[in-house]
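Next up: a single chain in structure tokens, the form predicted on its own.
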Amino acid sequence: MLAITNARLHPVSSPAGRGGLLIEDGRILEVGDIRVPETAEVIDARGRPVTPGIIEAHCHAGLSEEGIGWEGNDGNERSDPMTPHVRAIDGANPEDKAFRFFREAGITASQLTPGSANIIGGEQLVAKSVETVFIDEMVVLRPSGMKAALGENPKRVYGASRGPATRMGNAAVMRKWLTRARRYAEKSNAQDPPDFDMVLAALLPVVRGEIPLRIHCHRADDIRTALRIADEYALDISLEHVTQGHLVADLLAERAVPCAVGPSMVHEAKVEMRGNGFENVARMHRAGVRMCLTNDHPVVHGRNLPAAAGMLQAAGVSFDDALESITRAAAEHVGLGERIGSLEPGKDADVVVWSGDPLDARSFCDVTLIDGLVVYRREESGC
């Protein structure tokens, strides 16, 4: 058993307060006013903030490896604009140094996703930031979704060769394959099922509503196209990036569409990113959009996600809501709200002790726990 004592707790699911945590068998046993057993190992937080582990809801860690060129670039299978049959688990390298940086920054889980070159780019997973040489040992949820993309990326990558070359073409290709997958699903339930098709089979969980189609879209018109297609095919979707979501915030809030917003710490790197900035993210929050933050690692390094939440706070969002945007809201976005994202009895013991305000860029992550085990301890922390 492990106890964290003398903490300034930020459970996210309940108001902040003084207290501690009891952890046993990788799960949180008690939160708040705890009685520490004599046999428990103790981490004395010494009055410092303690939060749930940070979650990067949309990233390419392990797939776009840090400090490596083409050898470690496994995020986009550019042989075809339609590759739903590729899987992040087959490309993600657990030895990518990004995961070490994640542990040192209090990021305990991340959704690993193929890139956005393709209309439908492949199967996603959620991984814990543990140190291992086997990606399978990091996986918490697979599949966690199917990556898709609208807007500039697919037409830039394929427009000069095989297409699609326009936004109309992007949407048409997506509809074409969703239609094929729906027909394949209907025939699969018949007495005389069709010959196996790996591409269509990979889309079955999407058209059956078993996993979300996570659609990369920045511009307001691409957001509307994503919603239109979702309606036509009765899809469970999430929206990724959503740079101009503030222009359709009321619609997004009304429909309660999950949105992973960001990266907002960069300049307007593409035309479709006009309007990028935390002020507009704050407008989405005030409108009631169901959202979390992402840094889209490695576009902005995932270890800077707490600082991004701090910038959201600076734009007028409360501390509690900014912290929730990288913890509980992110956990719900990736489909793991029942397991991670807050400090509650029964949840995974993914916990971070901070040197100071966790959203202040001057603070350090002092201790990171994943499943109740210390995976990082800053030497100067004294913990």
Partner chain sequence: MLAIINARVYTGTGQVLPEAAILASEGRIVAVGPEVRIPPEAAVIDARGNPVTPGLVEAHGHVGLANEGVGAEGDDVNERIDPVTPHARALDGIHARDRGFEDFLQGGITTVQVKPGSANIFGGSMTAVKTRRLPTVDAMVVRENTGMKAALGENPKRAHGAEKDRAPYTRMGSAAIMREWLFRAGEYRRKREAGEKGADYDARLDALQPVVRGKVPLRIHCHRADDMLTAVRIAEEFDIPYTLEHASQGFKIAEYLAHRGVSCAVGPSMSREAKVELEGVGFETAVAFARHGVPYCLTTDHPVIRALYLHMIAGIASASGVGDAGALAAVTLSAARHIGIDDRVGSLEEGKDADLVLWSGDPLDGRSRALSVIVDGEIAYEES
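Source: prediction; values computed, not measured. Numbering follows the first chain given and starts at 1.
One more form of this protein should be noted, the form predicted in complex with its partner chain, which is absent from this view; the next part is about it.
- This chain lacks the partner; the member of 133, 256, 160, 271 within 4.5 angstroms of its partner chain in the model of the complex by a non-hydrogen atom is 133.
- With the partner omitted here, the residue from 28, 340, 322, 63 that has a non-hydrogen atom within 4.5 angstroms of its partner chain in the model of the complex is 63.
- Although the partner is absent here, residue 88 is a contact residue: one of its heavy atoms lies within 4.5 angstroms of its partner chain in the model of the complex.
- With a 4.5 Å cutoff on heavy atoms, residue 245 does not count as touching its partner chain in the model of the complex; it lies far away.
- Mapping the unseen interface onto this chain, residue 94 counts among the residues with a heavy atom inside 4.5 Å of its partner chain in the model of the complex.
- Residue 79 belongs to the set of residues with a heavy atom inside 4.5 Å of its partner chain in the model of the complex.
- With the partner omitted here, the stretch from 163-171, 286-294, 191-199, 229-237 that lies within 4.5 Å of its partner chain by heavy atoms in the model of the complex is 191-199.
- No residues of 226-263 lie near its partner chain in the model of the complex, the criterion being any heavy atom within 4.5 Å.
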